[in-house]
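Shown below, as structure tokens, is a lone chain in the form predicted on its own; questions about how it binds or moves come after it.
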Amino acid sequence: MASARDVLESVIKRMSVFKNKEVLYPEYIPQHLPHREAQLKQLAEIFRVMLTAPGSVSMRAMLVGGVGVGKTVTARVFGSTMRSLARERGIDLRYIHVNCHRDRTLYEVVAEIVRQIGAPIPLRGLSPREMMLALLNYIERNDIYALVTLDEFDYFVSAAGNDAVYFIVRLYDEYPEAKKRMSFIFIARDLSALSQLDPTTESYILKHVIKFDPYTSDELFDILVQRRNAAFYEGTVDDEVLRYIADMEGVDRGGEGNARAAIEALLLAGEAADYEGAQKVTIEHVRKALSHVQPDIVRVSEILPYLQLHELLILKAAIRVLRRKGEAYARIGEIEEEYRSICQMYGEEPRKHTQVYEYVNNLKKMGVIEARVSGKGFRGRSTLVSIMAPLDALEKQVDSLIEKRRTANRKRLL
């Protein structure tokens, strides 16, 4: 029988089809964005004033489109390029990217902007407005400009409310004497959440809207060719494999037009080939990958890294209860009982019922779970929770993130 060392060495020494797997990860930012040149040009038209007449005006743009259509990567590439162009002109322009799934309140958003700029401003004891005023004074003294992207902005609208949004988008109304050193990009999946705002604030946001349509199969093929050439050894992935994925995901072929799902399918197909010791990625490997890349799990997997530890523990409890019951919905009371058991298993202090209910509402707002009040067929009124994503795949991701959170918490206590 092989020893553990033998097993590990056999895997480590095995040849791989990958030369740079990181190119296929969601956080990778390519230098070239196929089929998003038009959106980059629109952004350049809106924000060119930051280079031609810095400080004269604060600009805003709204990027709108579904999951995996390139909004975030386009904003990041644009921000990085703008910073380089500004540096060539002697302008200190910082690009700040805030994800509003993680930073959900006005305080958290302003604090994250302060942190990324590196301003020595105390984050405790100050209100968001006091922090922002201190930040504006800091960037004025140090001749800094900032292009700030608020990603998942529709969630910030729902979670933080009209007053917080008004403060952000009408920042220089509150500080009219300040030089206009900060401009904003907002990213949203759709504009429906903006209906919660007052008409003046909504119209202010919608002055410059840039739309991102789902990718066609031909567009996805071009994206996959770019990633294949950078991620895999030459000759390990044929064009027909890429075309198969592109046709499965392309909006013109009945797919979601989701580049992130297509790239993840390519990644999983390559991993399947490595697992089998194959020298080439085949369409059969892709079929195996596509069985795991379902829209719900792809969408939810983007949100999971921004969940707090106890939100992850509650999500794990919901997964366990739903799997055990074999039904579409589980009562919040059942989930809370399972959550307390999981907390005991991990040595974590469980939160009280009101906090648990708030976490469930947050998970619902983010689209991780479905939750509704029970109706006919249920005794009494209770909140019912359901999960659309495949439970086994979801729980693996949740378990991994729980361990990361707990490890990080332990390190902070040392």
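Since the model is a prediction, treat every value here as computed from it, not as a measurement. Numbering starts at 1 and runs along the sequence shown.
Although not depicted, the form predicted together with a small molecule is the subject of the following passage.
Q. Does T72 reach the small molecule in the model of the complex, with heavy atoms at most 4.5 Å apart?
A. Because a heavy atom of T72 falls inside 4.5 Å of the small molecule in the model of the complex, the answer is yes.
Exercise. Is there any non-hydrogen atom of M182 lying within 4.5 Å of the small molecule in the model of the complex?
Worked result: Answer no; every heavy atom of M182 is more than 4.5 Å from the small molecule in the model of the complex.
R260 versus the small molecule, in the model of the complex: is there a non-hydrogen atom within 4.5 Å? Result yes; R260 sits at the interface with the small molecule in the model of the complex.
Practice item. Could you confirm whether Y359 comes within 4.5 Å of the small molecule in the model of the complex, counting heavy atoms only? Key: Contact with the small molecule, no.
Residues in which of 342 to 350, 48 to 56, 30 to 38, 365 to 373 have heavy atoms within 4.5 Å of the small molecule in the model of the complex? Checking each option against the 4.5 Å cut-off leaves 30 to 38.
query: Taking the small molecule in the model of the complex as the reference, which of R227, K316, R104, R299 has a non-hydrogen atom within 4.5 Å?
result: Only one option qualifies, and that one is R227.
Only one of A231, V157, V110, I223 gets a heavy atom within 4.5 Å of the small molecule in the model of the complex. Which one?
Comparing distances to the small molecule in the model of the complex, the residue within 4.5 Å is I223.
- Query: How does the CA gap of E27 and Y306 change in the model of the complex versus this form, closer or farther, if it moves 3 angstroms or more?
  - Reply: Closer is correct, given that in the model of the complex the C-alpha spacing of E27 to Y306 is reduced by at least 3 Å.
Work out the direction of the Cα-Cα change for R76 and P305 in the model of the complex: closer or farther than in this form? It's 3 angstroms or more. Distance between the C-alphas of R76 and P305: shorter in the model of the complex, by 3 Å or more.
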